[in-house]
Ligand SMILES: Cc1cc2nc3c(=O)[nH]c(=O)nc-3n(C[C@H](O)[C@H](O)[C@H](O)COP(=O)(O)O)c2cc1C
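Just the one chain here, the form predicted alone, laid out as C-alpha cells.
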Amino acid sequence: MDFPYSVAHDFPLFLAPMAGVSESPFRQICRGYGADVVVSEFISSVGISLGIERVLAEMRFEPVERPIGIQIYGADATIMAQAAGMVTELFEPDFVDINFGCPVKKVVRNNGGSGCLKDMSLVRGIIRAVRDATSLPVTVKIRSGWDETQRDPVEIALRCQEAGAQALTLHPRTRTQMYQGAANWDEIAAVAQALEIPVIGNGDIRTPEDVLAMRTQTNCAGVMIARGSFGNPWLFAQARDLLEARAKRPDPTPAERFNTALEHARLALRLQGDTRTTALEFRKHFGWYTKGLRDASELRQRLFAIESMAEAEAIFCDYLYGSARSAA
C-alpha cells in the first residue's frame, strides 16, 4: 500500500505532531536518528488565515526535515481550505495533515481537533474543502470517537477515506479518555483491514519492541511515535534495527545522551534565538534526556534552574567528569 508522498522504507516511522515538542529542532534530531517522516505541531487554521507571524513561524522547516507534513486544525471548512492553500503556497511541505484527534480543551471547545468527530458531515466537509484547496496530498489523524457512545473508528475512518483522505493515522482512544487507559490496538487492526489507503498506528509506543508488536498485531502501514520519543530519539533507530531483523543497538551512554541534548539545544538556539526564553522552554527537554540516569533527580533539579544553555553544558560536564574524578 503506497503512501501519497515519498518514504525511505516500506514500513515508515513517524514523529507525531505534539505542541511544544515537535518543533523544528526536535524534528531534525529525530530525522537524524531514523524517523522517516515528521509532522509539525498542530497549527490553528484561523491563525494561518489571518497571517499571524507567530503562527506562520511555527510552520517553517529546513530541507533536512523532509518528508514533512504541516498539520492544521479547525472547525470551519472554508477557513481550513484557506489555511491549506496558504500552507501550500508559502511553505510547500510534502503533505497537509488534518487534526481530528487533539483532545485538549482549548482546541475542542470550538469543535476543533477531536471535537469534529461529533459531526461526521463536518469532518467530510473539511476534508473535501482542503483537498480542493491544495495540490499536496491530504492526510488525517483521528481518534476512535468522541466518547464510548460514539466510538466507531472503522466507520469514522471509512468516511474520511470516502471524503478524500489519502492516508490516515489512528490513535485508538476516545477524546474523553484523553491519555488514560490502554490504547486499543485491535481497533487499528480493524481500520487497517477496512481501508484501502495506508493506516498508521499511534498510541502507547514506548519502546522499540512496541513498534514491532504494533506492526505484528495490527498490520498497519507505519507507526507514529509520540510521547515515547521525549528525550529518546534513539527509539527510531532501535526500532528500525528490530524491523529489519538486526540486533538492536545499545542504549546511549550518559555522554551520548548529553551530546545529543546539547546538539538539540544548539539547534534551538540557532532556529529560535539565543534568548533566556529559549533556555527556559528547553528545560523540559533536558529533563527528558536525563530520565533514568544515576542521580537523575538531582541532575534535573540543577537543569531546571538554568537561565542559559551554557549553564546546561557546564552541568553536564560536571556530571560526567566530576563523577569520574570522584570515582578515581
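Model, not experiment: these values are computed from the prediction. All residue numbers are counted from 1 along the displayed sequence.
Not on display, but discussed next: the form predicted together with the named molecule.
Considering the named molecule in the predicted complex, the lone stretch of 74-82, 218-226, 120-128, 189-197 in range is 218-226 [heavy atom distance within 4.5 Å]. Using a 4.5 Å cutoff between non-hydrogen atoms, Leu13 does not count as a contact of the named molecule in the predicted complex. In the predicted complex, the named molecule sits within 4.5 Å of a heavy atom belonging to Phe42. Though the partner is left out of this view, Met18 does reach within 4.5 Å of the named molecule in the predicted complex, counting heavy atoms only. Although the partner is absent here, Gln238 sits far enough away that none of its heavy atoms falls within 4.5 Å of the named molecule in the predicted complex. Exactly one listed residue, out of Gln161, Asn99, Thr139, Thr174, brings a non-hydrogen atom to within 4.5 Å of the named molecule in the predicted complex: Asn99. For the candidate set Asn232, Asn202, Asn184, Thr134, a heavy atom within 4.5 Å of the named molecule in the predicted complex is found for exactly one residue, namely Asn202.
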